[in-house]
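Here's a solo chain for you in structure tokens, the form predicted on its own.
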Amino acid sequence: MDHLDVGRYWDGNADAWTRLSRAGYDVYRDRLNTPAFLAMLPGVAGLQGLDIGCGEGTNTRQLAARGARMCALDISRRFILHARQAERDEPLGIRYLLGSAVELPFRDGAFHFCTAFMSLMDIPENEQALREAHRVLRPGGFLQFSITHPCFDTPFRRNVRDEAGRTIAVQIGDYFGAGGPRVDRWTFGAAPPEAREGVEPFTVPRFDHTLSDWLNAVVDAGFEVEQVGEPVADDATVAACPDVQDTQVVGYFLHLLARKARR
């Protein structure tokens, strides 16, 4: 399976994903993952940025709202259509392109920064995607990306819950046993049955890598690691959205900020 195959899967997911996420059911993104990502993000006002694997564009729009001059791309044509429609409805000056993270259609040094919100782990050629991000950055530019946490999003994974339904532990296994791509089927757990009616579950290829695989790939691409984050929901967030309580038990997401050398 290569990045083009993955693009076809995501094209099939795009309409349902856009509908449900924009209805507010992607609670892990909206309540925890994206706010933590933006809290770690260096200042971007006035900078030229590239959002890699932008999906339907919600996170790209948050970067533009912070004053960045944004370009974004995704390998799914349907996602790009949804993102462009949002831009027409509320213009923020974002240019959305159909393209692959593995073959970025930009000159060397075109951007001050790159972001990738929860996209790089879905690319089988993740090492090439990191090299491409490094190539299109100016000297001193940075890449910040988020992925599912490789230590806890393993091939075998099961939440252990108490009598009240709260997660008290997570069983994990086969961390080193990545035997090739698998395809998972799931949807947003926060979506009620009426929202899911007539909507097929997402079909998502996954490519398992260890934490050392990721860190070595970042370094091998030429980056210097600057900051690492593992977002955890605070008690107020859990009180407002109990679905994210399990993020207080293990890290669901890994955030990494890395910089291209100035020389």
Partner chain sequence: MDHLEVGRLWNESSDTWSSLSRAGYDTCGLCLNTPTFLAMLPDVAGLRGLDIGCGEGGRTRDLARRGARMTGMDIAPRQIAHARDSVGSGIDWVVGSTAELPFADQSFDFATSLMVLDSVPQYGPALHEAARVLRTGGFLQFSICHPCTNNVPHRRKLRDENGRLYAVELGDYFQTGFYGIHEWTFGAAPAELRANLVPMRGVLIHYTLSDWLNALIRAGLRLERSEEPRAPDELVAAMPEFADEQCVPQAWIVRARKPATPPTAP
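Everything numeric in this text was worked out from a predicted model, so none of it was measured. Positions refer to the first chain, counted from 1.
If you look for the form predicted in complex with the partner chain, you will not find it shown, but the lines that follow are about it.
Original post:
Where does the partner chain sit in the model of the complex: which of 22-30, 191-199, 229-237, 54-62, heavy atoms within 4.5 Å?
Top reply: Of the options, only 229-237 has residues within 4.5 Å of the partner.
Original post:
11, 45 and 66: each with a heavy atom within 4.5 Å of the partner chain in the model of the complex?
Top reply: No residue of the spot touches the partner chain in the model of the complex.
Subject >> Contact flag, residue 106 vs the partner chain in the model of the complex, heavy atom cut 4.5 Å >> reply: So residue 106 does not count as contacting the partner chain.
Subject >> Contact test in the model of the complex: residue 203 vs the partner chain, heavy atoms, 4.5 Å >> reply: Close contact is absent here: in the model of the complex, residue 203 is far from the partner chain, nothing within 4.5 Å, heavy atoms only.
Original post:
At the 4.5 Å heavy atom threshold, is residue 165 in contact with the partner chain in the model of the complex?
Top reply: Contact check for residue 165: no, nothing within 4.5 Å of the partner chain in the model of the complex.
**OP:** Check whether residue 211 has any heavy atom within 4.5 Å of a heavy atom of the partner chain in the model of the complex, and answer yes or no.
**Re:** Residue 211 belongs to the contact set for the partner chain.
Subject >> Option touching the partner chain, based on a heavy atom within 4.5 Å in the model of the complex, out of 110, 97, 169, 81 >> reply: Exactly one listed residue reaches within 4.5 Å, namely 169.
Original post:
So which residues in 237-260, when you check the partner chain in the model of the complex, have a heavy atom no farther than 4.5 Å from it?
Top reply: Residues within 4.5 Å: 247, 248, 249, 250, 251, 254, 259, 260.
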